[in-house]
Every structure is written in structure tokens, then in C-alpha cells.
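Heads up, the chain below is alone and in the form predicted alone; it's given as C-alpha cells.
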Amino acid sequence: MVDHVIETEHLKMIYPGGLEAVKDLSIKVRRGEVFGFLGPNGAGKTTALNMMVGLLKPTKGRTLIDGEEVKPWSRTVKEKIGIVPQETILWENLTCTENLMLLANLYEVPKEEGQARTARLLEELQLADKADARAKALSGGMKRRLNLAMGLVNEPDVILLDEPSPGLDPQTRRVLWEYIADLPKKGHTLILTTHDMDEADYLSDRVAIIDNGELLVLDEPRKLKASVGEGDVLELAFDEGADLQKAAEDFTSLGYIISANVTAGRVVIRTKDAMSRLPEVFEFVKEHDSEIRDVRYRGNTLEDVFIDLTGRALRDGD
């Protein structure tokens, strides 16, 4: 029997004015997994997260943590959950150590234990040499790592990460991802929201794709990607002024093209053995008096799943 640490039952949020931000959300989060909410900005991910931890009272439904119903600002949340919000929140004039110790005190962690946790977290997140530096002097990536440490200082069973790596450079983002991916081995369950398909794919054991407040699908990333269809993907960027819709329609006339559509200013075609078909694709385009200025080759992604479900790209909703 699967051990579920969090279960939501028909969660719904209707804001004043009638906006239904979350519609009948029922999910079960397994203990020790990384559970990802993937969807465009405004899809309802953060609202769902806030209801799950008692920061928002749902219009309808409830959340259970270890079988106990979450109430707004309940002690259950304080004891069992660590929150890393989308916006970096620090006490800018305090040092890294002081920020963590202040949180430890608020969580009623004994002083010596708080000091030990603070030193360990700063070391693990590569901030030990910044222990006495004020938060305002840190780089953006360092601030994000300190914010993560603050969400861990109470050693929570469940960690909620709302858009964990926005605006970070690739190297800093990868360091953060590797640390996050290792947390389940230390006994934590993670729930993250993101509109970054690579982040969701890299970190998540299971992904719930949400759009306009509605849960569209929930499964392992590899199974979701396999569900889109066979074949590889070629993304073709044409010269300015090209009729992309006409190009996509022309490609569908070719026997070896499985599908062709226009997404985010590119013609996206799916075909088996895509790389070997490239010369034929270029020749076909040339015969139609057009020109390709860029080609990207890839396998299926979670964005393909989103497109298959909604007809538009994730980044179109940003």
C-alpha cells in the first residue's frame, strides 16, 4: 500500500469577482517523492500550494497531512512543512547565520540544535564562507540558496518549493537542482511548482500538469512524454514573413511526417529518424521558395505534452 503524506479532496478556490483559480483538485502525494505542479503563469499552481498549507482557506474541499486536516495557520503546518516562496524573502540586514537562527527560534528549535542545523545547511548549500555576510550583500543565486536553507531549518517532513529557480544562471540553477533532488534521500517529501519544463522533468518523480485551475493529467515524466506519440521532433524557424501555417499544412502532405503544427513562432514537425530526414526537409522547403534559418532537434518534452493537451505552448501562457 502506498503511503500518502498529503491528500487534497476537491480543492476549489473562487476569488472575489468570480475568478475560479483552482477547480476541484484531488491529488495524493506519496511520502518521499518529488511531486511537481507544471503549468503556465496564472494556471493556479501557487494558489493550490497555498491552500494545501493553510495559507489560503479554500472555497471548497480540504487537505489532509498524515491524515490530519489542515486548518488555516495550523500548528500541523508549522511542525511538518517548510515553505520556500517564489519571492526570495530574507532579513537583508542580518547575516546568513542570523537569518537561519531567527527562523530556528521561531520554530522553537533549541539553541544548540539550531546552531548545528545552521552550520550544516550553510555548508551543504555552499554558503559557509558567507556565514557572517549580511544577506543584502549576497548575489541572487546565494540569496535563493539561503532562502532554501531557511525553509529547511525546522527539518520539515514536507518541503514546498514555489518556482525554485527563477532568474538563476545555468550553473547556479544546476547546483540548486542537484541539492533539491537529493532531499528525498534525507527523508523529505517535496512539492514544487514550476512553468519550466526542464525543471519539472529533472526534479519530479511525478508531474501534475495544471492549466486554468484544472488538473489535466498526472503521471511520471517519462510516461507523459511517451503518451504524446512516436517519432522525434524538429523545430524549424523560417525567415521573417513566411506563412508558418501554410508550411505546416504542406509538411502534413509528406508521407513520413507524423504531425506538423505551429508553436511559439516555429513549425514543429514530428517524424521517425528525424536527423536522416533533414536533407529531404530542406529540399522540400527550398522547392516551396522558402528558407529555414534555424533547426532544433529533440525528443519529446513535457511541453509537447502540454501542447497536446491544450493546443498551445507553456511559454505562450507566460
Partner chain sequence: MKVIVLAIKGIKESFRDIKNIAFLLAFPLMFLVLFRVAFGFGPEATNTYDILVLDQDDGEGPWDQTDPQWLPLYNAAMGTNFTGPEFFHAVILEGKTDTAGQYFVDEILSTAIYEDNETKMFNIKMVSSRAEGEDMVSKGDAALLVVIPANYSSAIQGVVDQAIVDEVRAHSISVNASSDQYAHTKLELTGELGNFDFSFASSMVSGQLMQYLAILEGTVRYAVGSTFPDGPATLEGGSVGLVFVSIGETDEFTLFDWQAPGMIIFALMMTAIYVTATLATEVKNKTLQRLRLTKMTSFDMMGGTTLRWLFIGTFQLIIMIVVIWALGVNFAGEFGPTFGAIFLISLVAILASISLGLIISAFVDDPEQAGNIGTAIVIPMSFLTGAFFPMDVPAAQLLPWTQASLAMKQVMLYADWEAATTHTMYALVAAVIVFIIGVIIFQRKRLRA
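Quick caveat, the model's predicted, so the values are computed rather than measured. Residue numbers count along the first chain shown, from 1.
Keep in mind that the form predicted together with the partner chain is missing from the display, and what follows is about it.
Only one segment in the set 148 to 156, 185 to 193, 215 to 223, 110 to 118 has any non-hydrogen atom within 4.5 angstroms of the partner chain in the predicted complex, and it is 148 to 156. Taking the partner from the other structure, the partner chain in the predicted complex has a heavy atom within 4.5 Å of a heavy atom of Leu90.
Contact check for Glu235: no non-hydrogen atom falls within 4.5 Å of the partner chain in the predicted complex. At least one heavy atom of Arg134 is located within 4.5 Å of the partner chain in the predicted complex. The shortest heavy atom separation between Glu163 and the partner chain in the predicted complex exceeds 4.5 Å. Candidate site formed by Glu79, Ile83 and Leu106: every one of these residues places a non-hydrogen atom within 4.5 angstroms of the partner chain in the predicted complex.
A single residue from the set Ala260, Val281, Leu64, Leu55 has any heavy atom within 4.5 angstroms of the partner chain in the predicted complex; that residue is Leu55. Residue-level contacts in the predicted complex: of Asp201, Glu124, Asp211, Glu98, one residue has a heavy atom within 4.5 Å of the partner chain, and it is Glu98.
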